[in-house]
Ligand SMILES: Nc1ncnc2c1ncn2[C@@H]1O[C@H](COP(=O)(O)OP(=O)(O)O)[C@@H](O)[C@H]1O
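In the block that follows, a single chain appears as structure tokens, in the form predicted on its own.
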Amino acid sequence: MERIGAHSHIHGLGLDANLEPRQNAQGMIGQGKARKAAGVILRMVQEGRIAGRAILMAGPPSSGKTAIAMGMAQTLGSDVPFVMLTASEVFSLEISKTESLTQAFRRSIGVRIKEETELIEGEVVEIQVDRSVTGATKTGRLTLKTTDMETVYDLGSKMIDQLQKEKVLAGDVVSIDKASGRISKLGRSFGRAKDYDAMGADTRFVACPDGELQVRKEVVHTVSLHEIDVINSRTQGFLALFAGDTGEIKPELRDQINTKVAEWREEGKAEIVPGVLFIDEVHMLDIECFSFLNRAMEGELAPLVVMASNRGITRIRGTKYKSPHGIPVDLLDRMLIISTGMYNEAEMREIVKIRADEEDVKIAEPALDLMANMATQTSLRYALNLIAPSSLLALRRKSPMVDIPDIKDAYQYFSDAVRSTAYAKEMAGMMFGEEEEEGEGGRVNGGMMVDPVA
């Protein structure tokens, strides 16, 4: 059972083959210009022509910046690394800011390693297991066949245990890795298809292999540079990959790994797959992090860095200077900037409808119109957050569909930012707070970019 997240309805960027945005596709609505720009960037990533550059997605809150990033991740697929990072994650007490960013960079760069392995592939004809009188030792024979030949292999106790663990029976088609002895069950042979009723409905039937039993195959593994760093780190070892406690990794070790990967590339054993690093709320980084990013993006092994910010002209954290989006001008100059705009009421209505379907909530048409109107008056996020409470209120009055009374009740129970601000001002004398300095306070606004004191 999968948890329904804020962007679980996004399945891609919703573009056609010519990178033209469809109005409503793959969970994406509107923002055609920004989606097309993201599609062009993706095409360049897939062709390996944009590594080491930076993209900034700038726009008001709830204008689809993170949704476009999720769409990019879904379009790239599992072969190209895509790492999502919130800027505040960098400020960890355990490792330094630069180490945290370096690890994020190296997680975003994949190494596709090619290696040839010898496999034994065939259909199991018979498995014989002989036990000693005490039962301590086991020996056996495995008969495998292809359409052209048949061979008997002697088995040791470890191989017998593996066959029993994988529940391999006569009629199964198996693949055995000669180097590691690992057994993979590919499926049942078509010759046993008449026994289908005696098996589960999910049984997979495959053809009996032809040719030689022993075959050479090229196997491709994709790992990130960070995983190679962790595995080669003497203090941590590969177990740190599962524990997540990687600690700081020495730069000397990374240099050695870079040299080794470069050798593999020259020998044709490996290829570099530059991925995408997405940094959300990038204005939360300070001047030290921005200086590091400036240098890191010039490196030979650098991914595409996509950043998102909802700030206008605001102070760069760690300085007294103001800059667009809270990013230093020299770093802004390196970026291609994609702007996102506010959704109109019709687009908001479609987004509410998609989110309701994702959460398995039925909403009446008049209630949908009300929620779209509410989204324009308050914010899209507030309207989406009312879907679940409205559904529970509808269930309480034994209605299968959310209607206007349910939304009105939810609206009364839960305040939006504008009403909460009005309440805070009204109760200013009774609630603890700081006096607002004249001319510097940020304002709460349902749609515009915000310029708060950093």
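Position 1 is the first residue in the sequence shown; the rest follow in order. Just so it is clear, the model here is predicted, and its values are computed rather than measured.
The same protein also exists as the form predicted in complex with the ligand; that form is not shown, yet it is the one meant from here on.
When the ligand is considered in the model of the complex, Arg381 lines it closely, a heavy atom lying within 4.5 Å. Residue contact check for Gly39: none of its heavy atoms lie within 4.5 Å of the ligand in the model of the complex. Interface membership of Met28, defined by any non-hydrogen atom within 4.5 Å of the ligand in the model of the complex, is confirmed. Residue contact with the ligand in the model of the complex: Ser62 places a heavy atom within 4.5 Å of it. Candidate site formed by Phe105, Val282 and Leu293: none of these residues places a non-hydrogen atom within 4.5 angstroms of the ligand in the model of the complex. This chain lacks the partner; the member of Ile351, Met371, Ile327, Val276 within 4.5 angstroms of the ligand in the model of the complex by a non-hydrogen atom is Ile351. Among Leu393, Ala67, Ile55, Ile50, the residue placing a heavy atom within 4.5 Å of the ligand in the model of the complex is Ala67.
Stretch-level contact analysis of 395-403, 28-36, 416-424, 41-49 against the ligand in the model of the complex, using heavy atoms and a 4.5 Å limit, identifies 28-36.
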